[in-house]
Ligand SMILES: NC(=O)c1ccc[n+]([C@@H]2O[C@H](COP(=O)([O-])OP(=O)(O)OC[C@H]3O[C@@H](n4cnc5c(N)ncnc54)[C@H](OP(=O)(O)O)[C@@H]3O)[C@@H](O)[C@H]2O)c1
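First, one chain by itself in structure tokens, the form predicted on its own.
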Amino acid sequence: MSRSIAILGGTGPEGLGLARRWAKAGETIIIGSRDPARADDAARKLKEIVGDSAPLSGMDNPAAAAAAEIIVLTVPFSGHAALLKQIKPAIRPEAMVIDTTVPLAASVGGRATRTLGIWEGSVAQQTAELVPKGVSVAAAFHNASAELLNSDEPVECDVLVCSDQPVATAIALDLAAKIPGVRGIDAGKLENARTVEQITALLIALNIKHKGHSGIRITGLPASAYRG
């Protein structure tokens, strides 16, 4: 059954890549942006790739949040808290939020390879503090390469999902399994997101050094631990 998924920051590389993969898998995708015209243009261009009948649309961020069962945050950390405060009144009481945000420090003349400390422990825990009471939060998709998501190649990567709500974990794992090559793994409580977020800075450094699109694979777990 198709779900309505709003990808906020959806005109950036990570958001577009997730939108592309999930639209191909039959999900209803709403691309959110500060500029609704830009969001609509991104949705139109994705339809040219995925197919004109794909359920893709573009809206401004609050409208996208109000229309969705699942909200996926793919925004830079610098705008993270401000976005959540903006959309908070629009979030449905029964909605869930999947946060992909990493607290990367701003860099000059290159990509950031250092993470910032977060008072709550992780960006995902900050999100849980800022969303309306009762809205579930999962941290996931931090380490999936945006470049590969925007291609037709399998994404050879494990997605670690952290959440305090089992239903949110299950939904994020299901969405991970819809991306060819990806395996989802339940990584435990939301507080574990602080470790997962830190891995992204290392992967960026590896990509710069080796000119690649690195991901992670977790080995040695029983087959039942992997989804996908």
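Start at 1 and count along the sequence shown; that's the residue number. Every value quoted in this text rests on a predicted model; they were computed, and no experiment measured them.
Keep in mind that the form predicted together with the ligand is missing from the display, and what follows is about it.
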Report the stretch among 90-98, 153-161, 128-136, 71-79 that approaches the ligand in the predicted bound form to within 4.5 Å, counting heavy atoms only.
71-79
Tell me, yes or no, whether P13 is in contact with the ligand in the predicted bound form, where a contact means a heavy atom of each within 4.5 Å.
yes
Taking any heavy atom pair closer than or equal to 4.5 Å as contact, tell me whether T115 reaches the ligand in the predicted bound form.
no
In the predicted bound form, R34 touching the ligand (heavy atom, 4.5 Å)
yes
is_contact(R38, the ligand) in the predicted bound form, heavy atom dist at most 4.5 Å
yes
